[in-house]
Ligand code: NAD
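Taking the form predicted on its own, here's one chain by itself in structure tokens.
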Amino acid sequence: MKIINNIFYENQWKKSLSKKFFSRKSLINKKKFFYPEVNRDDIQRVILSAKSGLKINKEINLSERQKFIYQIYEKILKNYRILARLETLETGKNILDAQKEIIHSAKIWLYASKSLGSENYKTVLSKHHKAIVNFEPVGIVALIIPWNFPFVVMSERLPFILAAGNSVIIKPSEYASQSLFYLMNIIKKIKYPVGVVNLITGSGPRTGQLLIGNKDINMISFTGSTQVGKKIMKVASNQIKRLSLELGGKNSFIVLKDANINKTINIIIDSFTGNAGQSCVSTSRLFVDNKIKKLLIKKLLEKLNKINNFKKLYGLVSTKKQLDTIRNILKKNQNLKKKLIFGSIDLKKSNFIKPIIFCDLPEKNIINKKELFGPILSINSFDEINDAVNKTNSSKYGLSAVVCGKNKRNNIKVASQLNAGRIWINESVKVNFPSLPIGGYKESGLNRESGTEGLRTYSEIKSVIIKN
């Protein structure tokens, strides 16, 4: 079955001027999706739409913007099953997980509609001076979305972009676009101001380059690999475009000697297998206190061996490119089969990968250094907590971490020493809240999304000094 899509601007679905398409086949059924391969002329038309939308959205007060955002929340919640199904078709993720993700996304829209007030304020500077500080829109934002969590990532950004008064051009991943197409139908149905929200498609890096390199784009919001993030920074530097980047991670899970082992095991499994390990916050390095290492590994393997259907539990690897990347890494480590304690290095020609666990790999091994984006875990031990902290912080990344232990004060102390933007204590990385800012240290990104920080990220701040 063929499904042919168009691009969205001026609150309408319109055919691409290029008349070229690329296709993606569903991982779940026989559906084949065709998307326009937009060209420079398409992008110019979409930018004209976004310029018009920016003028309108700048003039709308915050309360009106919030009403529109609330309407989107209502429609997302009402249609969460449809949206979740669309996500699974292209990503191959577990349907129940997809439903939870859409519901969580709806909560972000609800938070943005109800909790965000104007950041503007007045202040007295001296006997003769006062000031007004205004938060104003950045302008036209290019919002580039990844394939692993398309609707969640979009929802962590778009309501805040809109609330701040900007217009936006969304570029979904070529591997997962359907749920965002459905959102455009919601935008159209509620009669969102014309031109504020726009969407284009294209395969490969060319479309993104045409978009972010355009002089009329004021800000780029990108979620994806650190390698691509660095290239975007170079392009942005030519015109000093504003940036928000959530990039790669090589995330650690630290198990202290007083941890509740049974509860910790469940958190470990959730945190490295969720979405088939295709999450930037997945924990792929486990550091466990030597005193409990043997017991934890024994119980972890017992638990994993009792799981009958991993495929149903956490879904598929979403793209052939990602599957090939994982295969190549494992092939390079054929000589380390003795270090393998669960799963297999020899992968079948399938988008499903059973969890893979290594133990006591050399510190400099690629599996301990590279973001794997698959259900692969490397276990190492420590005698002193400082050793685990130092090895965690030695990574060039700083996106997330998990700490498990019973002593609350000690847990918080360890968390305070870790260079990471998001840290869970005695909880899985699957658990998130709309009010909290998210983002990374070091090469894991710039700026913060969601929470009140989300509004600031997409705002220019103007100080006006007034003499009495």
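None of these values were measured; they are calculated from a predicted model. Numbers for residues come from their place in the sequence shown, where the first is 1.
Beyond what is shown, the protein has a form predicted in complex with the named molecule; the following relates to that form.
Thr223 is the sole member of Asn275, Thr223, Ser167, Ser318 with a non-hydrogen atom within 4.5 Å of the named molecule in the predicted complex. Just one of Asp270, Asp289, Asp97, Glu371 comes within 4.5 Å of the named molecule in the predicted complex, counting any heavy atom, and that one is Glu371.
The candidate stretches are 205-213, 305-313, 186-194, 75-83, and the one lying within 4.5 Å of the named molecule in the predicted complex by heavy atoms is 205-213. The named molecule in the predicted complex is not approached by Glu101, whose heavy atoms all lie more than 4.5 angstroms from it. Taking the partner from elsewhere, Ser173 is found to have a heavy atom lying within 4.5 Å of the named molecule in the predicted complex. The shortest heavy atom separation between Phe135 and the named molecule in the predicted complex exceeds 4.5 Å. Contact between Lys93 and the named molecule in the predicted complex is not found at the 4.5 Å heavy atom cutoff.
Taking the named molecule as positioned in the predicted complex, the residues of 223-247 that bring a heavy atom within 4.5 Å of it are, in sequence order, Thr223, Gly224, Ser225, Val228, Lys231, Ile232, Glu246, Leu247.
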